[in-house]
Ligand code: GAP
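To begin, one chain is listed below as structure tokens, in the form predicted on its own.
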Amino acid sequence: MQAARALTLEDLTSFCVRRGFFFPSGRIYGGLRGFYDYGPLGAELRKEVLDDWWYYFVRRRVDVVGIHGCIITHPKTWEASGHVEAFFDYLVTCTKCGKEYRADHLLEDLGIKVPALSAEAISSAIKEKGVRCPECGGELGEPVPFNLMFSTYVGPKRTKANEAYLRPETAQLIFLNFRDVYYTVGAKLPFGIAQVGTVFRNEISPRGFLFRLREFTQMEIEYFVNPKKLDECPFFDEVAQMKAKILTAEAQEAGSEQHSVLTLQEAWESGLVKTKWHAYWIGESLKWLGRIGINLERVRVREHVKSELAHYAVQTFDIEYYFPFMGWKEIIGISNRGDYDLRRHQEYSGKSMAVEDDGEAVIPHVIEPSFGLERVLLALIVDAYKVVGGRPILSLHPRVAPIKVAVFPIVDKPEFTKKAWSVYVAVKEHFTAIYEEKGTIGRRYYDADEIGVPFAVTVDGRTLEDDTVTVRFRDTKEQIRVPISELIPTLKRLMGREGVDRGSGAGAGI
């Protein structure tokens, strides 16, 4: 038997464009690299994932609240955060044709590893390995830092005094609002602030479809803890026995890619994860990925080596997904930021960032789970993409499937279409749904399977006799018979997720 061909990036991109998940932005003009628009299915998938993330990490919890900050804020913010000074990648330019490359990507594509991403290390690697311009073979210039923030101007005059930046992360808006939120909601440590929003990074070489974009969405939590209580986590037992594939910094520095399988309890007790709260948020993040249908066998947790730690980080672990066309890539970063951000904003603003806890003023330390929405979506689609009988289907979890239900008449005849349409209208009050009456029923089932619809409801000859319909399951092709009066409660039970009802009547019938 011939082995199945591995999914390629081109296959996936073509599928997502063809079925209306994503389109290159400005496609009729040739597109703009690093920018993608959401199509109808993509917009629904995006909303389902965002809604579930917000439910899981904010609404169901008693210790996390949300904010929605501005895309442009006071420019002093980015000086205090270190982004003006330290938020850059290295750029190399061909001295012959002038083409520009992100240096670490260029070396990575050639299988060349550098011990530290410094100008000296990159320059040395390029010279020792004889790396030249992939486009024309010309000599490459010295690496120079390239700040990734998009700059803009506030007000009518384009002067240095009016210069501002599109935010490169949502985290800083949380830090700026920390004390206001703390006191307005009557919070007590430990507690978290969450935010979802668009961010902008002027990537030198955006690539990998949705993986590396110039405009994307972050879903972030900054969780504030008394620095004396970083190992006092009352929720830790909920994740302690979870097993994770962990690639340590020590292993990477020894040149190994071999991960260890540890429980989070073991990871914390051994000192691999320095604080219990950090280990807890790794566990919660893994649980959410599993909840939305990502196979955790394709996921690992990788510790950052010292040379790649961000300027603010005490310790960082990336949750990585194995993409067949890219290998292991980060989809979530979980950092121990210490008190770096609050102290910097206190220093630059002259305003205290301390709050009272146990009768003393403290500047909290921060654990930050940071999710890249588009990267999570890419992993979701890759994980769900299967080829069955030569045809692609998306086995998306009902919790996040963009369309939950398809409604079909068995044939295109008035007595069937009228009944099916009335069922569709009732179903659509509760779930995202589609209706189609043209083509063979087999073809309509396949089209629904391809876009990830978990359940198809069919009106057939028996429906006209006893007011029952069939409910077909996408992945097993099994069918069950359900009275129309019980259809909505049955679908809700099958979906098994909170908040799936789009209507106001939780038990409404048809």
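Don't overthink the numbering: it's just position in the shown sequence, from 1. In this text, all values refer to a predicted model and were calculated from it rather than measured experimentally.
What comes next is about the form predicted in complex with the ligand, which is not displayed.
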Subject >> Candidate spot L106, E308 and Y322, all three touching the ligand in the predicted bound form (heavy atom, 4.5 Å) >> reply: no
Original post:
Pick from D383, D357, E436, E368: which residue has any heavy atom within 4.5 angstroms of the ligand in the predicted bound form?
Top reply: E368
**OP:** Could you check which residue among D339, E203, E284, E303 gets a heavy atom within 4.5 Å of the ligand in the predicted bound form?
**Re:** E203
Subject >> Segment that reaches the ligand in the predicted bound form - one of 206 to 214, 398 to 406, 261 to 269, 229 to 237, heavy atoms within 4.5 Å >> reply: 206 to 214
Original post:
Is A244 close enough to touch the ligand in the predicted bound form, meaning at least one heavy atom pair within 4.5 Å?
Top reply: no
Original post:
Taking 4.5 angstroms as the cut-off for heavy atoms, does R375 touch the ligand in the predicted bound form?
Top reply: yes
Subject >> is_contact(W288, the ligand) in the predicted bound form, heavy atom dist at most 4.5 Å >> reply: no
Subject >> Close approach of E253 to the ligand in the predicted bound form, 4.5 Å, heavy atom >> reply: no
**OP:** Residue by residue through 215 to 246, tell me which have a non-hydrogen atom within 4.5 angstroms of the ligand in the predicted bound form.
**Re:** F216, Q218, E220
